[in-house]
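Take a look at this single chain in structure tokens; it is the form predicted on its own.
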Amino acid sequence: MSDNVSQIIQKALSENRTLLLEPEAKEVIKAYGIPVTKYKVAKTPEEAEKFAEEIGYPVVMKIVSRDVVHKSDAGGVKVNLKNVEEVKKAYKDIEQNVKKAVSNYKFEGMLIQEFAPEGREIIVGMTKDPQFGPALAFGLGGIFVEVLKDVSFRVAPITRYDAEEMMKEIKGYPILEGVRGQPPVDMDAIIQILLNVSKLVMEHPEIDEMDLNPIITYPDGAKTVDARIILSKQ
């Protein structure tokens, strides 16, 4: 399981890249049992149409390029594409937008992924503390993390008890339990994600930073929509 992850990491480092491409980051977390949205990388408009059909509408399309770090800012993301016409148009639009925003970028494909249904958003992250090593972060997504800074931290490796404590420590915890008639989210799925992230970063010290944001949680299961992994400079 870890071999595939090592290969992805080594390939990036051999190309002098510290930022994994999004499909690479998703392969890495998937190898550690962290649930992700269905996705495929298309190299042509025809492949994009075929993969959208296979994944099932609606879909999201994102540029894959080592030269485009902030995909949304470069106009490299289109969401909620509902049919083949919208996929065709999105492919063209993204190509034109990115060409304008980033000259001479290396095109490595279009990520076609399922459009995850609404749920409650959480984020799970990891940063390296110079003194303590990998520190995991947990919080609710959106305004909770951006404005309220409602986040809990633990130094890896963590236990199941630590994962439960991380969840309960945030002020937004009642939202996960279900308020105003909403069902509670799948707490076990969140605990498992935290434990798996802990295992991943302990087994692969080359990972310097990780941001799974958002992970959409449901009464049954969860899906990571966006994954960002930065490696340490060797």
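Heads up: residue numbers just count along the shown sequence, starting at 1. Model, not experiment: these values are computed from the prediction.
One more form of this protein should be noted, the form predicted together with adenosine-5'-diphosphate (ADP), which is absent from this view; the next part is about it.
- Across the proposed site, 11, 66 and 207 without exception lack any heavy atom within 4.5 Å of adenosine-5'-diphosphate (ADP) in the model of the complex.
- When you look in the model of the complex, the only residue of 96, 72, 159, 83 with a non-hydrogen atom within 4.5 Å of adenosine-5'-diphosphate (ADP) is 72.
- With the partner left out here, adenosine-5'-diphosphate (ADP) still marks one of 114-122, 88-96, 151-159, 132-140 in the model of the complex; by a 4.5 Å heavy atom cut-off that stretch is 114-122.
- With a 4.5 Å cutoff on heavy atoms, residue 101 does not count as touching adenosine-5'-diphosphate (ADP) in the model of the complex; it lies far away.
- Mapping the unseen interface onto this chain, residue 225 counts among the residues with a heavy atom inside 4.5 Å of adenosine-5'-diphosphate (ADP) in the model of the complex.
- adenosine-5'-diphosphate (ADP) in the model of the complex is approached by residue 213, whose closest heavy atom lies within 4.5 angstroms of it.
- Remark: residue 34 does not count among the residues lining adenosine-5'-diphosphate (ADP) in the model of the complex, judged by a heavy atom distance of 4.5 Å or less.
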